[in-house]
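One chain follows as structure tokens, the form predicted on its own.
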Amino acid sequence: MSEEMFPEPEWLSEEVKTGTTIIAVTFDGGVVLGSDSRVSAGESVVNRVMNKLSPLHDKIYCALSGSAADAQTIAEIVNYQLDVHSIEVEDDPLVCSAATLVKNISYKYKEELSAHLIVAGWDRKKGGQVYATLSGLLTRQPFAIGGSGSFYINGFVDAEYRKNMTKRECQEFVVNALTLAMGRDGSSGGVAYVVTIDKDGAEEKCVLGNELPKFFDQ
């Protein structure tokens, strides 16, 4: 009787997912990563301020989408492996090495895991780099977007992206793209997390909702 009167909420049995918007863009001298902060389970929002930009090493980060648990687990494993690798070679790891580790795990456990990670960072050999990884795919791109909100901004990023943008232009581009996606995608929202990486290191920033840019329909 009590179970019929007080049924279990659907979100308790739903997988927790970062229905999300993630983006990484190269600029002249480094990369900028960005993400929203909303985490959902079914139609319920279970976390409003999750940082989906996870460090893999000092100058290498990844942006998480898909199952929150799966994506975070991959990031933690790769972070550990890169720490060991950097000790062995006595140098900072390459961005491509980090992306390859993510790709290998994603492919090996593609039947069990539901996660898509964008890997980006700076290294001494190739400078700023962005890699998309998905179920064994590994491709280097000038920019990459992912998550449920990315469908709403494909046209925007294609039209507005320019090669060799300055750091400031790239940061504005990322924040504008996230704002547009968060305004249209019900699974994206909250605040915007932004990480800028260049030869000097990584700089993290949180842009609150009332600090996001306004567009004509808002």
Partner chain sequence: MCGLLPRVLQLRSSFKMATALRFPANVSTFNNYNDLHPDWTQREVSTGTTIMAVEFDGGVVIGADSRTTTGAYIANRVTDKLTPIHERIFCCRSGSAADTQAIADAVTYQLGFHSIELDEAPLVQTAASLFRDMCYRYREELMAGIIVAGWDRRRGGQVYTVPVGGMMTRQPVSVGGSGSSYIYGYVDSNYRTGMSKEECLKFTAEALTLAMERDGSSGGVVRLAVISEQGVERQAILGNQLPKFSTV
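Not measured: the values here are computed from a predicted model. Positions refer to the first chain, counted from 1.
Absent from the display: the form predicted in complex with its partner chain. The rest refers to it.
Although the partner is absent from this view, L180 contacts its partner chain in the predicted complex, with a non-hydrogen atom inside 4.5 angstroms. Interface membership of K167, defined by any non-hydrogen atom within 4.5 Å of its partner chain in the predicted complex, is ruled out.
Using a 4.5 Å cutoff between non-hydrogen atoms, E160 counts as a contact of its partner chain in the predicted complex. A residue is said to contact a partner when one of its heavy atoms sits within 4.5 Å of a partner heavy atom; I153 meets this definition for its partner chain in the predicted complex. Contact check at 4.5 Å (heavy atoms) against its partner chain in the predicted complex: none of A99, Y107 and K205 pass. With the partner omitted here, the residue from T26, S54, S187, Q171 that has a non-hydrogen atom within 4.5 angstroms of its partner chain in the predicted complex is S187. Only one listed stretch (119 to 127, 78 to 86, 135 to 143, 91 to 99) carries heavy atoms within 4.5 Å of its partner chain in the predicted complex, and that stretch is 135 to 143.
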